[in-house]
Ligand code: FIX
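Only one chain is shown below, in C-alpha cells, and it's the form predicted alone.
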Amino acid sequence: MENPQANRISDPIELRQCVQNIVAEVPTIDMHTHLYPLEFGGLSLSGIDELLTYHYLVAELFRSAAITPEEFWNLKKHEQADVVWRSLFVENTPLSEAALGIITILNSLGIDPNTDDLDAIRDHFRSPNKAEHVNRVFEIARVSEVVMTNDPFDSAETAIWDKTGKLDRRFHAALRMDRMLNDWKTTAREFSYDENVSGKTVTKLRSFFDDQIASMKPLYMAVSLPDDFDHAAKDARNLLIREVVMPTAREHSLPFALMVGVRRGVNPALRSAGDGVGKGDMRSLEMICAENPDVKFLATYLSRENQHELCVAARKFSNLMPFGCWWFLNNPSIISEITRERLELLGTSFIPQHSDARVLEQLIYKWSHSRRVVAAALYDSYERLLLAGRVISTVEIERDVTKLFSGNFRNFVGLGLV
C-alpha cells in the first residue's frame, strides 16, 4: 500500500491543479440513470433528436417560442427537435444549463457547436456502429458503470428481461417501486392484488419481488416520492413499505433509495416537462431510518431547502447515504453549494452526483460540468486544511476522489471491486 505521506503538497497552486486533474480523470459509477443497454432496443435512447426533445429543454422552449403545447405535441419528434433547436440555439443564446449541455456534447463528440445546421449535426449522430458509439460516450464521460431504472410492473420491460441473455456488464439494474407505492389501487387492479393489502397479497408481492431480483440482480430498490410523503400516515404506501419493501431489503441485503420532492403534473399540458418541486418533511426519512437500523437507505431530495436537513440526518444515521443533485438541482451554482455543505458536515462520506441521464449522450455534459464544480469545492476544503497547518498528499487526494466517485457507492451496495 502506497504511503499516504508521500508526494505531499503544500503549494496551493499545485494543489488546485492536482485536484482538478485527478477529478477529471477518475472513473465514476453513475448510480442513478434511466439508461438502457442496446439489448433493450427502443428503450435505449440516443442521438440529437432525443437530446433536444428531452423535458428539460421542452419546458424551456415554451418560455421562448410562439408555439402552444398542443401544437408541439402534434409534431413528429424530428419536427419537435427542429423547433427546440431553432428557438433555443439559433434565435436565443444557449445559456441555460440544459442548453449549454447540448453544446458540451457536440464539442466533445467533435461536432462544430457553432453551426446552425441541425441536419448536419444529425448526420454526425448516424453512427454505423452503435456499440462503438456507446463505448465512446462512456470513455469521454469517464463513466465505468451505470445503474438503470427498472420497472418490474412494466410488461414491455419485463419481456425484454425474459428473452435477453447476458447484458452489457456496465449496466446494473435498480428495482423501481413507483407503481406499487405511488399508485397502488391501479397496480392492484391490473395485477389482481387485494387493494387492502391482505396477508395473502403481501406474500404474493414478496414472491414476485424474489423472482424479479433473481432475474435482474438489482443493486438497490428505489422510489420517487412526492413532497408530502409522510411515513407516519396510515395508508397503503406505508403499509407496503413496512410489509413488503423492508422485509425484501433485509432478505436480499438491498438498500432502498428514496428520491423525495416531486410534484407531478403542476402543468399537465407540458406532460413530462410539467412536473414541479416541493419541500419534503425530513422527519419521515429519520423515522424510516430509525425503524430499520439494519437496512441501508440512499436518499436525495429535489428541493434545495431540504439539503441541510439531509446532511444533518446523515450525521445521525450511519445507514443513510445522501446522493446526487437531482433534476432541478443539477445546476452548477446549486451543485457547488450542496457539495460544499456536504463536505463540511460529512467529510467524504456521501455520493456527490449522479446524472439521472435518460439519453446516452447526456452522460457527457452532466459529468463534465459536475466534475469541474466538485473539483472546485474539494480544492477549497483542502485549502482550508492547508491554512490550518495540515498538508495533503496526492495519495490522499486520489483516495478521497475515488471514494466520492465510486468507492462510497460500491461499499454501500456491496458491489465490490472489479
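As the structure is a computational prediction, the values presented were derived from the model and not from experiment. Quick note: we count residues from 1 along the sequence shown, nothing fancier.
Only in words, not in the display: the form predicted together with this ligand, which the text now covers.
- This chain is displayed without this ligand, yet in the predicted complex the stretch 355 to 363 from 22 to 30, 60 to 68, 380 to 388, 355 to 363 comes within 4.5 Å of it by heavy atoms.
- Only one of the listed residues (Phe89, Phe297, Phe229, Trp327) places a non-hydrogen atom within 4.5 angstroms of this ligand in the predicted complex, and that residue is Trp327.
- In terms of contact with this ligand in the predicted complex, the residue from Arg170, Lys279, Arg264, Arg340 that brings a heavy atom within 4.5 Å is Arg264.
- Although the partner is absent here, Arg176 lies within 4.5 Å of this ligand in the predicted complex, judged by heavy atoms.
- This ligand is not drawn, but in the predicted complex it has no heavy atom within 4.5 Å of Gln307.
- In the predicted complex, this ligand sits beyond 4.5 Å of every heavy atom of Arg371.
- Using a 4.5 Å cutoff between non-hydrogen atoms, Thr104 does not count as a contact of this ligand in the predicted complex.
- In this stretch, 203 to 233, the one residue having a heavy atom within 4.5 Å of this ligand in the predicted complex is Ser224; the partner itself is omitted from this view.
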